[in-house]
Every structure is written in C-alpha cells, then in structure tokens.
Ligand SMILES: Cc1ncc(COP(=O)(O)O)c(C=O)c1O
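Next comes just one chain, in structure tokens: the form predicted alone.
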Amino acid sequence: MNRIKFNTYPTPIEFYGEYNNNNIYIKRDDLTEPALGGNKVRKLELFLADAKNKNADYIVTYGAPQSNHCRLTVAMAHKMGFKTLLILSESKVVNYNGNFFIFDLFDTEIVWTGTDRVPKTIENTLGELKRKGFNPYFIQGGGHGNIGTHAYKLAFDEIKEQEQQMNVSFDYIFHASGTGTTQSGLIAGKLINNSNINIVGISVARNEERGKEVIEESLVGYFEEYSKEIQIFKNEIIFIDDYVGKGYADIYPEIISTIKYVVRNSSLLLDPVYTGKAFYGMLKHLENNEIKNRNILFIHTGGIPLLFNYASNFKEE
C-alpha cells in the first residue's frame, strides 16, 4: 500500500513512571505533524496516497465540529494541493476554538447536516461535486476502513521493533478507542506477529457490545481484503466502557484531575475527550484488576486542540 509520509518514524516511546508497581511507557503519536498531529496522521498518509493514485482532486470527510480527524484531513490535504470539504454534524453551540478554529484558519468549505441526514448529505455532496466536474474522494469519519486499520497494523510492527531496540517487552497496550480503527489495526498487527500483548481499548463513547462488534467487523474486512486466513478470537478484543461516563465528551471530575496530575508530574498534555479519559481508565483498570509488575504502553493518540476548547472545565471555582 502506498504511503505519503508526513513524519519520520518511529514516534518516540518515553518512560512515564511507575504506577501500582507497573512500568508505564507512552508512545508519542501526538508528536506527529502537521497541525498538532495525532493518530489520524498515520491513517491519512495512506488515504491521501490512495486519493492521489485515483487522480482525486477534492477530499471530502465527515465529523463533529471539534473533530481531530477533520483537522488533520484539512491540514494534510491542503499541503498536498487538494481542495477540501468537511461535512459537519450540526450543534447548538460551536466554540470558535480548538479544532474548529483550525478549520477556519484554512478557510475550509463546510456543509452542515443533522446526524439523521449524514448518509444522504454525503451522497448529495459527492454527487454535486461530480456534476461540477470534480473527482471527489471520500474518507469515512475517523479514518475508518481497511486503509485506516492497516495504518495501525504498521504502527504495531513499529512498536515491536522499538521493543527490541529498548530491550523491553510490553505486556499491555492501552489507548483511547473511538471508531475502533486504531484498535482493529493494533489487533491485526498482534495476530499477524503472533504476539501475546494484551491490547486494551478504553472506550470514549460506545458501549462494550457495539464497540467489540465494530472492531470485529473491521478485522474480518481487513483480513478478507489482504487475503490473510487468520482466525479472530473474540477474547482478543478488550474494549472497556466503564469510563465513558454519560457519553462522548462527558468530562467528569476524575478526568480533569488526571490531566492536571499528569501534566504537573511529567509535563505531558492530555485532552479531556480522548487521551485524558483513556489514561484515567487505564490507571483504574490496573488498580481494579490488581495488575502489577508489568510493562505498560499507553499510545498518546493526540487531540491537544480539544484541551483549549474545553478550557473552562478546568477553571477551579
């Protein structure tokens, strides 16, 4: 699969410290570029290469008004010379801050739609661009799909190489799990490499049943496309929904406390929607399951602009 690299890999793995007698390491996928980076960069490097191969001239994708995926799609597509259009879900309040501020810096074309009209809006938008003579390329929200899965299969290969270089063996990989593509890619890498690492997705929105279902579907579709006859065991999919709270972007006090604790002890910034929630969930999971004397890798998947969008949540009364 072709790839247009925006970064030099591997992204670094840093030692964070000890917790509950475990060694915690952090893989800094938040240090990717452009536009404050994140895990979507790896996926978009493949998607945009595919778009270029198909002679596309217009990139269209979908997300929320504060979508990390949309921010990076706009930045990376712009750098490659593509025209870009975002289909965003309507919201009662849109802060001119965070990711939305970055959309505006790029003077991004936006089509607003209700969540119940998303498929029809996508269809109509692509049809209209084609009628105007463009060759649009659509990327699913969050970089979902086999291409996105493959990006984090490659990331898993990268982690295995870093283990050898660092002379460390990871027992667990934790990360924020949203659309499921990052987790399906990591699991695909695990299965292909015959690894015994436990890959744990901390859900930021979905319940356990739906989350596991989507990840399993992604794995089946990925292995079918790449003609790999690999048996998928459902117990490989560890998707924990205990820390979702009331739903996506529910920022409860423990998340705020975790972010403050981490930055004051390590100067590492986490965001309240994805990585802060996942880091808190990881620590509680280690405690609640009495996991000790293990090497733990947390993948920092980015999302720093969200920290500024929700800055008021951090103001102490």
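Treat the numbers as computed from the prediction; the structure is a model and nothing was measured. Throughout, we count residues from 1 along the sequence that is shown.
FYI, the form predicted together with the ligand isn't displayed, but the following is about it.
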key: the ligand contact at Phe47 in the predicted bound form, heavy atom, 4.5 Å   = no
inquiry  = So in the predicted bound form, is the ligand close enough to Ala176 to count as touching (4.5 Å, heavy atoms)?
reply    = yes
inquiry  = Given that the ligand is not shown alongside this chain, does Thr73 nevertheless sit within 4.5 Å of it in the predicted bound form, heavy atom to heavy atom?
reply    = no
message = Within 4.5 Å, heavy atoms only: does Tyr62 come near the ligand in the predicted bound form?
response = no
request  = Given that the partner is absent here, state which listed stretch (280-288, 259-267, 52-60, 34-42) has heavy atoms within 4.5 Å of the ligand in the predicted bound form.
outcome  = 34-42
task = Could you list which residues of 285-311 come within 4.5 Å of the ligand in the predicted bound form, counting heavy atoms only?
result = Thr301, Gly302, Gly303
